Every structure is written in C-alpha cells, then in structure tokens.
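Form predicted alone, single chain, as structure tokens, below.
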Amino acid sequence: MRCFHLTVAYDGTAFFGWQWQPDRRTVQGAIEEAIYRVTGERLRIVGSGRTDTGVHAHGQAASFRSATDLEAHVLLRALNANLPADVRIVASREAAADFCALRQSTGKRYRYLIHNAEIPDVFLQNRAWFVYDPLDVEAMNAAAQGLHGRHDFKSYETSGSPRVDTCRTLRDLTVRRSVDEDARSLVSIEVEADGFLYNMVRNLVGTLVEVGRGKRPIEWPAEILPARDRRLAGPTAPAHGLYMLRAFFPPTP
C-alpha cells in the first residue's frame, strides 16, 4: 500500500464541516467519493484537523493509503475531475508509509476575516464577519501580543471537547487592517499554534473584537487565561470568516 499526502482547498459554505457524516455533505465525504470513482477503493482519509460547518480552507492536509498505481500528479488531476466545484486538491505527493496528517502535524495557521464597514457587502456574506462598529485594530493587535507563548487556553475552549491537556503554544497572533481591490475595509487576524482547542480561534477573535470595540481593555484577553473559564472570554465569532491556511509537518528526510 502507498501513502499519499494531499493539500486541499475548499469553500465551506455548503458543507457540514470536514468530518464525514451519514446523509450530510462533508469535505471528507466528497474526497472519499472521488477516490472511489478513481481507484474503486472505499476508504477513510485522515485530515490534519476538523473544520466546522461554514469554515473554509486554503491548505487543509489529508492522508490516505491506497493500492492504486497512479502517480501522485495523475491522481491529483483525476480527483479534481471527480470533485465538486467547491473542493480542489491543490497538491498531491507520495509520502512515507507511516505518514499521518493528523498525528504528525506540528502546528497549523489560520486567518480570520472581518468586514468592518457601515454597510454589509453581499459578496462577503459567506466570506467574512460583518462588524458595523468601528474597530481599533491597533488595540486589538496590542491585546493579541499578550497571548503569545505557551499558556493554558481553557478560557478559550468551547465546552464539549474531550481534550484533557488544554495548554498550547501560540506562535503568532497578529491583527491588521487592509483595503482590498474593491475598496472594502478588511480586518485580518492570523494565528499560528502547535495545536488548537475546540473553537479556540473563533473565541480568540470574538474576544479581540470586544477590545476593538472599546468594551474591554487591552490587558483583558491575557488576564482571563489563569481563570480557565470560558464564560469570562468574549463571544464566539461566526464560522464563515475562518480560513485554514496550512498545516505544518516535520521536514522530509
């Protein structure tokens, strides 16, 4: 059996998340159906993480084992020919026999987009969180710096997660404002860590937005860490503004 490492991009709007579910449209299910059409194999692929309903990806990673004779670049074209328009395999390579996109990931990077304006843009309704209130991006970014490093992020984990260890190392958390080609004011929040808790990114974003609105001081996001109490943090930002950018893996020998 050969092992393949895929990089996957998708628009999560019409999917019920990444993970396979019976009688529901999921990204994992769509890829597995395409693999069946190409190779005749019914199998399960493994993703580097599970994105929720409405969340998008530029660089989700996945792995699977197959008996196919197809080369990786041929497999890429064949899968894309059998995938719906809102999912694409953007890279495919043969990996070591023991490669697992979930177990061997050393971290992930996400981007969250906020459309900060007076009037919602219909073309961004499934792409960015619309926030009417003017946001102080400098204050948000200053607050984000206090979260860098290794901390217990239990205060930023939505309840219901089975994970016992809630400590994570936040490698980067940066907030910037930009104006796109259509003159729309977008606030971009990029976050990278060695791992994430359930809804951690969206909870961090909701908390930083409270700072940006002037409702909370810059020190607040870091001050609530020791409490390990989700009720003390800000609201959970909507799923449709979140994009998985990439997963990281150890260098290939």
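The shown structure was predicted, so the numbers you read here are calculated from the model rather than taken from an experiment. One-based numbering along the sequence shown.
Heads up, the form predicted together with a further copy of the same chain isn't pictured, but that's what we're talking about next.
For the residues Arg150, Arg93, Arg127, Arg163, the 4.5 Å heavy atom test against a further copy of the same chain in the predicted complex is passed only by Arg127. Checking Val137, Val131, Cys100, Ile89 for any heavy atom within 4.5 Å of a further copy of the same chain in the predicted complex turns up a single hit: Ile89.
Only one listed stretch (54-62, 194-202, 220-228, 39-47) carries heavy atoms within 4.5 Å of a further copy of the same chain in the predicted complex, and that stretch is 54-62. The closest heavy atom approach of Ala78 to a further copy of the same chain in the predicted complex falls outside 4.5 Å. The closest non-hydrogen atom of Arg171 lies beyond 4.5 Å of a further copy of the same chain in the predicted complex. Contact check for Gln145: no non-hydrogen atom falls within 4.5 Å of a further copy of the same chain in the predicted complex. In the predicted complex, a further copy of the same chain lies within 4.5 Å of some heavy atom of Ser178.
Along 119-140, residues Ile119, Pro120, Val122, Phe123, Gln125, Arg127 each place a heavy atom within 4.5 Å of a further copy of the same chain in the predicted complex.
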